[in-house]
Structures are given as structure tokens and as C-alpha cells.
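Next up is one chain by itself, shown in C-alpha cells, the form predicted alone.
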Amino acid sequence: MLAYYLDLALRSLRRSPVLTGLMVLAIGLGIGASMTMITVLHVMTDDPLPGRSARLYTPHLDPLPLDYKRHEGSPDPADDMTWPDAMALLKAHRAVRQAAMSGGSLLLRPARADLHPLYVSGRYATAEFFPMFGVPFERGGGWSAADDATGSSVVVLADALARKLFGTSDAVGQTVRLGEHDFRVIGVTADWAPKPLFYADQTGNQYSDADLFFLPLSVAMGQKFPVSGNQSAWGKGESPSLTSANMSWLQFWVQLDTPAQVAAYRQYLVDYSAQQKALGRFQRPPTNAKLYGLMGWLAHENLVPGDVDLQLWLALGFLFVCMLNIVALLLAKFLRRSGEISVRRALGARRRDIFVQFGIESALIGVAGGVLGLGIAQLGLWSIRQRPDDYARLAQMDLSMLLGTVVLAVLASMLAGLLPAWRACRVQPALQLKGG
């Protein structure tokens, strides 16, 4: 029976190629525009560390004085941590793993004569950065807590930088000069660049930046290496230094494996804030302390630009208008075949049979529109990749989006065909046959 309905639908579509083409074009344009923006939103809100993100949290304290005025559009100083607070949380070691970190850019002087000095961006971090985030290694590994404590001059390179400096030779054991200091390479990471770069300062380009080196935070502080990202200071008096209690600039992440650990750590943050308030350092309520999960942190940072949201709603609105046009075209097409419907009803076809027949016809239009929409969406994504935006190069459609395009097209066309099919199956055969 399904094959019969399919044959009827194909014959019907072939009988009116212009009308069929218009409907396929309408659904294709609507689906193409919508899937372009849905794909962009999908890649921008995707989980940067699948399988690990549910155990990662970033604690946030609120050391800002009561009279501090936050400015709209400016980074919130409370989103980063001060040196004393980060060191206190590290020393307390209340989480399974914890790491303090910050970005930096250093002048690298290659040993090879054919390479010119260049500035490279990387991360200053404490030892548990690597196991906590599950950073994969091609060779060697990260440093230890003892290296943090003693300020060992060790460095981990990203695979891209290691190949640039040493070609196919093993980089582990080699020496690189960063700033005015020599570092011994102890590890080379595999291709690892979470998108967005969730652990980085929010003022960076989190969809295009990548860390090319990692070295101990204690060494960076000892060598007074420059720090990138937002550095917010408050209070009066002398200009605060990086170790001041009145300057926030560090990012801090912890690993918590169970809900009980999460609840205990959240309470620890509140207790710590209350202790600091009792000491006269914090002025705001201890309950201002927060613990964000990784995905909650991404939502807090509001990484999706407002124009992407607006364009998505405009695209969905365009799809809705396309569907209204398809409803009108299908209604006219189906009701024009009232005579054919009446004959089929007179020969024993049930209303359900008529409804299914026209439903299949609508679905076929959706499949054709979905294929056209795929092409239009790919064209739209290509145009987005030509833009200079930070996220533009990520605008690629994966398998789930490919399948979603066709499914959305079929669902949209079948939804649009519901009313016309229902009206068609309600045609009174006696009146039509008498009139015809």
C-alpha cells in the first residue's frame, strides 16, 4: 500500500512541475537559512571536553568592595581570581584536582638559524592542569607539584610548535629559549585545542586562540613574565601588583567527581568568603561565592554574540513564512483534486487513506527541499567562513547537522501538509460527484 501511495504522490508531483518546484524552492530556502544559523549556534555551544566536562568546575569569589561599580560591557573582575585567593584554594586542596592558570605571550628565540624569533602564546599553570583537563601527550608528560614548588625551568610544547622548532626530531630533552630564560622540554601535547578555550580569560579570542606552550605558574611569576588577559584592580593607594589582594587576573578550575564533592566544595567557598569577610578583606555577603560547572560557565560568559541569536530568529521566522506559503500552495493543489478524491472515496478509499496519501506527497516535497536546503546551508556556511569573526572558521556542518537538515525539512513539510491533507480527506464525495 505504501508503494502505491508513493507512486500516486510521484505522479501528482510530476503533473504540476512548476507548483512542485515552487514548494521545493520555498522549503529549501527556509531550511537552508535556518540550518546555517542552527549549525553556527551548534558549534559555538558545543561541549569543549565531552566526557570530562561534567566533572569540571570553576569557583568564583567576590572580593570587590561594596562601592565598586561594574560597567556594562566590561569584564567582571569577579570572574577572575586574585593571587592570595588562588594560592589559598590551592593550598587547601579541597577538590580532587585543582589548577590556577593565566595566559601569556613570550618571545621565542629558535636555535635553528633558518627560523626568526617569534612571539608565541601559551599558558602559565600549576601541575594538575594536565590530568584535570585530560591533555593528551605525544611524548613525555607534564610537570609535578615538586616542579611547581621549586620553580623548575621546564616547558611543555604543543605539537605544532615542537614540529616547527625541531622538525621530526624528538623535542623532549631539548632546550627552548622563552623570553630571556632557557627551558627544558619535558612533554609534547597531541592535537588539543578545546573550542571554545573555556579555561582562558574571557577577553581573548576563545574560538581561535590555542596554547603553544605550557610552563609552571611559579616560574612565570619568578621571571616576571608578562600576563595576558583582563587584570582588574580596585581600591585606593599604590598601584597593585599581580600578588596583590586587590587585583584579579587568574583563572581557577577544579575537578569534582560526585554531587557530594560539589556540595562540599560550594560550602567551602562560602565558608572561605565568610572567613575573609571576618578578617575585613571581603565586604560582600559570603553567599556571593559561586561554583560554575563548565557548561554553566560558558552560559555565564555569554559567548554567543547577540547578532548570531538575532540572525537565528530571523532565519526561523523566514522558515515560518515559507511554511505558510507551502500550506497555501498545498491547500490549493489538494482541493483542486476534489474530483479525484471523490472517485477514490466512492471506490472504497477511507478518509485515512486519503490523508496518508497526501501526507506522503508532502513528505516527498520535504525530502527534495531538504536536499536543496543542504546545498543552500553549505553555501551559507561558506559565506560565514569568509567573515573575520573569531568563530567563523568553525562554521562546518557535521553528520548530525546533515541528517538534521533533512529531518527538519521533512517534518516542516509534513507539518505544513497537515491542514491541506485534513481538508482534502473531508471532501464530500456525493456533492463532488453530483456536481461533476
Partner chain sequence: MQIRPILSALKKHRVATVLIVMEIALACAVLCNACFMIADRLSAMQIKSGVDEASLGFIALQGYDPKNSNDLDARVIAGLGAISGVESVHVINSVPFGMQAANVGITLDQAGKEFRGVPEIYLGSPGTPQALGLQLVAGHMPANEDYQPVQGYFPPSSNVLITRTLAKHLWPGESPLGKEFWSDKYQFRVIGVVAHLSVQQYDEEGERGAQWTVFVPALPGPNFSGTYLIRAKPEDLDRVMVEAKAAIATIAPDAVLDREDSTTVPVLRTRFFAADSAMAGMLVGVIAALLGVTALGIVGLASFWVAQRRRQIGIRRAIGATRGDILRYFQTENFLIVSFGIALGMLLAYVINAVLMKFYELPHLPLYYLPFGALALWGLGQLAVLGPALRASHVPPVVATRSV
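Predicted model only: the values in this text are computed from it and were never measured. Numbering follows the first chain given and starts at 1.
Below, we turn to the form predicted in complex with its partner chain, even though it does not appear here.
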Does residue 320 make contact with its partner chain in the predicted bound form, using a 4.5 Å heavy atom cut-off?
yes
Residue 348: heavy atom within 4.5 Å of its partner chain in the predicted bound form?
no
Whether residue 309 contacts its partner chain in the predicted bound form should be assessed with a 4.5 Å heavy atom distance threshold; does it?
yes
Though only this chain appears here, would residue 328 touch its partner chain in the predicted bound form if you measure heavy atom gaps against 4.5 Å?
yes
Quick check on this chain: which one of 314, 145, 115, 87 has a heavy atom within 4.5 Å of its partner chain in the predicted bound form?
314
Which residue, 109, 184, 163, 300, has a heavy atom that falls within 4.5 Å of its partner chain in the predicted bound form?
109
Would you mind picking out the stretch of 255 to 263, 116 to 124, 91 to 99, 170 to 178 that comes within 4.5 angstroms of its partner chain in the predicted bound form, counting non-hydrogen atoms?
116 to 124
Residues of stretch 374 to 411 in contact with its partner chain in the predicted bound form (4.5 Å, non-hydrogen atom)
387, 388, 389
